[in-house]
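Given as structure tokens, the chain that follows is alone and in the form predicted on its own.
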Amino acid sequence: MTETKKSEWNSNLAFMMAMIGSAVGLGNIWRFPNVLYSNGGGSFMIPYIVSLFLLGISFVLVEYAVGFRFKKSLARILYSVNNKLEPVAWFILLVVFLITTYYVCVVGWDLIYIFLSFTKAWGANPDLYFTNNVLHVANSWDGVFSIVPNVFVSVFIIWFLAWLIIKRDLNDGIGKVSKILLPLLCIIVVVIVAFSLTLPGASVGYTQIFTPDWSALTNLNVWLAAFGQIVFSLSLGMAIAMTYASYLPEGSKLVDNAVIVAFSNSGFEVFNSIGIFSILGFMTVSSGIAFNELVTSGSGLAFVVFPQVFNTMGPAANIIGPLFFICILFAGITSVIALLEGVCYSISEKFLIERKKTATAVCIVGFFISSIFATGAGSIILGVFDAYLAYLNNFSLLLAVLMECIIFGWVYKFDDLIETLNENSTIKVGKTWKVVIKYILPICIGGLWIQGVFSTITTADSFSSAIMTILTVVLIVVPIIFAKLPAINKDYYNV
């Protein structure tokens, strides 16, 4: 059997909306403010901007050039470069898929909070409510055998929505949804930020962004944090940009698009931070709680701190609260469908399974894995997954970026990528970009990866270590199996 005609974006706008939507996710909303505050405040913007150019834009250009030039899935691209590299592709895709399974769960929590926010049902103690009433955290590991109904249903809904989108044609599914959700997301953020600036004490918060700690610039960890944030925020190494770029029509301005996407993503998270910090500044003034005690990241900020804020905000919280959680939902959904697209594309292309069937199979398997996080022990297991696979990108994602830099910087003909990027772009790249990809990035990413792996291993308890060992075996064995399975697509092995 031979492959069918490849999908293609019907407009550059669809591609841009999908790319920006994939980048703008939970990390922009609740991770960046904490990273910014914890690493020197305003002075952090210097390493952040350096990282944006040195790592963010530079590496996105690699993925754009590779995807556009080959117009194939990640698995087939790496096979084409060298047939021994196909397992690397399936390793990256498996990491992306596993990350998606718990990412969906967090988005599911947010779905619950959209409904809770209308009545502030979390009560006077949002922390206790989140633990006992939403997650139903068990006191022992026996909790893995007890399903938490509300989380289970919300996780199912998110997976169902993702399936409804990715099973459709590229433009009718991802393209159309991105063009609807992303503008709505931006409008909601503008409304929240504009309102937050009117709150008493807002200046206590937003001035944190513009108050630099210049001594932080001499701290290596601050620079590593900036690199980690760019990797996490732009979803580098996840094959999203490569997959989306492979759908671009001829004549596309790749470098121009990459710059716009990178700056849009960074602009969003900086602008969003102004709103987040302003609201936390209001909380500091109204409650007397120190600002540094309020600034946190992840679920603690979204599901504990902000409900506390809404409790003190008055009637306005009945509008701002739901908008805040809807904002997280939209950002989460656009990221989920982007994460799944690369996985589905590689499976579909190798085994010639039509898009709808591939999406169905992937979402069913994903839902069953996510169900583990919908148990009484789910939040603990999720924490282990997060620490191992994504927290500060300390293992798999950085390793993926490092491997792609080496493969396309040293194994593949790098000058061909330069030619592809410059063919239609207004902005050109040259030798400087080549030096960054071949030398500077591998050294920087390698150092960050070693630090992350060391931190993960040395801070893990015995149970976490056991889970990490199992995941490591899975991440080695499964990619090899997928690579060894014979392709149904007869054109798959044509290089």
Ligand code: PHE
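All residue numbers refer to positions in the sequence shown, first residue = 1. Quick caveat, the model's predicted, so the values are computed rather than measured.
Absent from the display: the form predicted together with phenylalanine. The rest refers to it.
Between phenylalanine and the residues Tyr103, Tyr247, Phe408, Trp122, the one pair within 4.5 Å by heavy atoms in the model of the complex involves Tyr103.
Listed residues Ile158, Ile166, Leu339, Val261 were compared with phenylalanine in the model of the complex; Leu339 is the one with a heavy atom within 4.5 Å. Proximity to phenylalanine in the model of the complex holds for none of Thr243, Val343 and Ser346, with the criterion being a heavy atom within 4.5 Å. In the model of the complex, no heavy atom of Leu170 sits within 4.5 Å of phenylalanine. Contact annotation for Pro47: none of its heavy atoms lies within 4.5 Å of phenylalanine in the model of the complex. When contacts are judged by a 4.5 Å heavy atom cut-off, Ile99 counts as touching phenylalanine in the model of the complex. Using a 4.5 angstroms limit between non-hydrogen atoms, Ser335 touches phenylalanine in the model of the complex. In summary, the region of this chain contacting phenylalanine in the model of the complex, judged by heavy atoms within 4.5 Å and restricted to 38 to 46, 56 to 64, 426 to 434, 23 to 31, corresponds to 23 to 31.
Residues of 235 to 258 placing a heavy atom within 4.5 Å of phenylalanine in the model of the complex, in sequence order: Ser235, Met238.
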